[in-house]
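Let's start with one chain on its own, the form predicted alone, as structure tokens.
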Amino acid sequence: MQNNTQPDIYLRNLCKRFGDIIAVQNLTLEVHKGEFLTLLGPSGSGKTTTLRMIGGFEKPTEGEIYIQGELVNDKPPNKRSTRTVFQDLSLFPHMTVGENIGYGLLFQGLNKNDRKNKALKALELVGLEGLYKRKVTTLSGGQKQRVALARALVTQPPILLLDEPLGALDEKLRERMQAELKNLHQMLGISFIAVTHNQEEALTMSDRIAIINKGRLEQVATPREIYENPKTEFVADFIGLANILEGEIIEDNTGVEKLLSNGLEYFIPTKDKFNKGDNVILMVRPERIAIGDKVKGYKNSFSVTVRNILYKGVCSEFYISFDNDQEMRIRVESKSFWQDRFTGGKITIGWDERDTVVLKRESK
């Protein structure tokens, strides 16, 4: 692990068991130097356990953890090049903001004046100038989140671990903090590894996302790649809204690949190589499906029945069904007259076959 391009974090064949429960199994992952990587998955997927093993708060049952090229399996948290911001923030309620931030500096042997100067700089970094003497109990949720960040950053760690960093915030504040965390990461240039179950949060902030399911790594890629080109059926279904149909590959007399699902034929990208008779799933995002005149030129074009329309502000969500009773959701820009005009009636829908993702069906 000693080279000029070594990752900041390297997990090799990592496993963690709690009795008979396997929380993490055979997980291998690299975190590149200076990147923002998010561990994303459903509750109980093993993402938090993985982060805790990186931070030294859980010991692996099997496998190895390297931090900046050094094997750290047996090193305690305070001996690793990481600092952690916990989900509950773990601030000391009886202390001031400045005392909370400077607490970690006590163990570095710094005098009171140096601790104060570093704490003031950390407060400036997270945009909380002037709150040094405030009690943390008087702060808002967003301010407490920033104090926890400042406390972790004041010791200048090369790697910051974030456990559900924005989970306790309301939606508007969470959106603002997403942008601020991303800006902070770009400004500092250090590695951030975050855990979340919030997909929008992961897509917004991350350079790459690692999808974890049942303790296993499903896919690691950029947010765009994860969203537009999922590599497994789980990722396709887990990330965002997706229309998923099961079917098998057929060919017509032109040799163009098609998928047959419940009696209907769908054109699929020719770059995806499948054999006739392969069992597959088709995935198309709701926002990639057009309606009405915008369908012209699309090979995948169908007359469907509108079952319901949900108004969601900037977009409306159509619930439609085909003649074979298969259902889909469509997201399009809202128009005020759609609710009365289309509900219960017929419309034409369609999409470019290049917006279709086709994957081998996974055995259940």
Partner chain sequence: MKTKIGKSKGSSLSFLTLLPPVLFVIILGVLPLILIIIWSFFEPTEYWIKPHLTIAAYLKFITLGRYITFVKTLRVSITVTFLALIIGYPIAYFIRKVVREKFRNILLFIFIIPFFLSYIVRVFSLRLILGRYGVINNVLIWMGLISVPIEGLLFNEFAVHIGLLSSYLPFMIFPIVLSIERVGDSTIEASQDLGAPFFQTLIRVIIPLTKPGIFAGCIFVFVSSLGTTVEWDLLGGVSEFSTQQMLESLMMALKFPSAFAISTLILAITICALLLGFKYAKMGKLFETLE
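Numbering follows the first chain given and starts at 1. None of the values given here were measured: they were computed from a predicted structure.
The form predicted together with its partner chain is left out here; the points below concern that form.
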item: Residue among 106, 264, 250, 71 with a heavy atom within 4.5 Å of its partner chain in the model of the complex; value: 106
item: Single option in 276, 214, 112, 94 placed near its partner chain in the model of the complex, where near means a heavy atom within 4.5 Å; value: 94
item: Residue 146: touches its partner chain in the model of the complex, heavy atom cutoff 4.5 angstroms; value: no
item: Residue 186: touches its partner chain in the model of the complex, heavy atom cutoff 4.5 angstroms; value: no
item: Contact of residue 33 with its partner chain in the model of the complex (heavy atom, 4.5 Å); value: no
item: 4.5 Å heavy atom contact, residue 292 to its partner chain in the model of the complex; value: no
item: Heavy atom contact within 4.5 Å of its partner chain in the model of the complex, the stretch among 229-237, 279-287, 79-87, 216-224; value: 79-87
